[in-house]
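Coming up is one lone chain in structure tokens, specifically the form predicted alone.
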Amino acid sequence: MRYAGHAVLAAVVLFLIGPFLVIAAAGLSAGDTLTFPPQGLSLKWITAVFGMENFRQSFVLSLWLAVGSTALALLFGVPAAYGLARYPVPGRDFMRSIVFTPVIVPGIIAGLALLRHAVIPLGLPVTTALILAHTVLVVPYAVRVVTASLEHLRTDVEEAAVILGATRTGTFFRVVLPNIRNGILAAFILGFVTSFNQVPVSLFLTGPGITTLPIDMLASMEFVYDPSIAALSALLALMSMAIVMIAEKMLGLSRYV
């Protein structure tokens, strides 16, 4: 029975990482077309993607967008999480459900709704629409992770600070925030990865000359069939895995999600 369990576990792990291994191997191909198994091994496509101007520009935009939208999501999400965790707000369970709606609703529907009822009527610039949309998508993760962090913080610590003369606002900034710092950092990392790799919503909101890296990669695959996309995909997957692994090692990310 033990060996059967090990075999099932190995099969599940292979099923999960198999696509990544295929893409990584295709990105290391020495040939000029995207094939698997690869036609020899080479790093030429790994180095080639760093010289592609369109990918560099879209990478910078995706990076800026992920940092900006996650920061805005935390700006709204941390106070919201504190209010939901510490105060008996009327309809608290319903409000939590509303906050997590962007996670439940399919991204294609959310992107189309934002385009039709926010971007077009208001005439928002593409970059503004993108950062607002990504902020909406990341807020649920910020609220969820920060709420989990607040649940590990005893309320009597805050009450002690108030009894000693601190105001509620001062207690929040001097006592609460320092104690949930790891949770906030974990929320930032999770939100960053979510925003950076977002496709469905960005697909509706990007415009000519302004596109995120995942959308740029998707568009390039329609015209280019070399291993550069596979090489770039492998690099992005490694980057995301490294960020999550470092967060787990330093912050214990699994405690908050």
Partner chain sequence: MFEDRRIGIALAAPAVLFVMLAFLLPVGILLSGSVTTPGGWGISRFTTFFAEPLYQEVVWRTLRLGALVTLASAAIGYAAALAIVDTSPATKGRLVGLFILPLMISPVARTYAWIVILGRTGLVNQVVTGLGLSDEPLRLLFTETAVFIGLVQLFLPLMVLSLVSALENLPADVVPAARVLGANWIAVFFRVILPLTREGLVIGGTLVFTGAVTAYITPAVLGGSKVLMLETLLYQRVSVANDYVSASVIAVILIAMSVAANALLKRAAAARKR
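As the structure is a computational prediction, the values presented were derived from the model and not from experiment. Positions refer to the first chain, counted from 1.
Missing here is the form predicted in complex with the partner chain; even so, the following discussion is about that form.
Site residues Ala26, Leu34 and Ala230 are all in contact with the partner chain in the predicted bound form, judged by any heavy atom within 4.5 Å. Although the partner is absent here, Phe204 is a contact residue: one of its heavy atoms lies within 4.5 angstroms of the partner chain in the predicted bound form. The closest non-hydrogen atom of Val146 lies beyond 4.5 Å of the partner chain in the predicted bound form. By the criterion of a heavy atom within 4.5 Å, Leu150 is excluded from the residues contacting the partner chain in the predicted bound form. Although the partner is absent here, Ala30 lies well away from the partner chain in the predicted bound form, with no heavy atom inside 4.5 Å. Within 4.5 angstroms of the partner chain in the predicted bound form, the stretch 84-114 places a non-hydrogen atom from each of Leu84, Arg86, Tyr87, Pro88, Val89, Pro90, Met95, Ile98, Val99, Thr101, Pro102, Ile104, Val105, Pro106, Ile108, Ile109, Ala110, Leu112, Ala113, Leu114, taken in sequence order.
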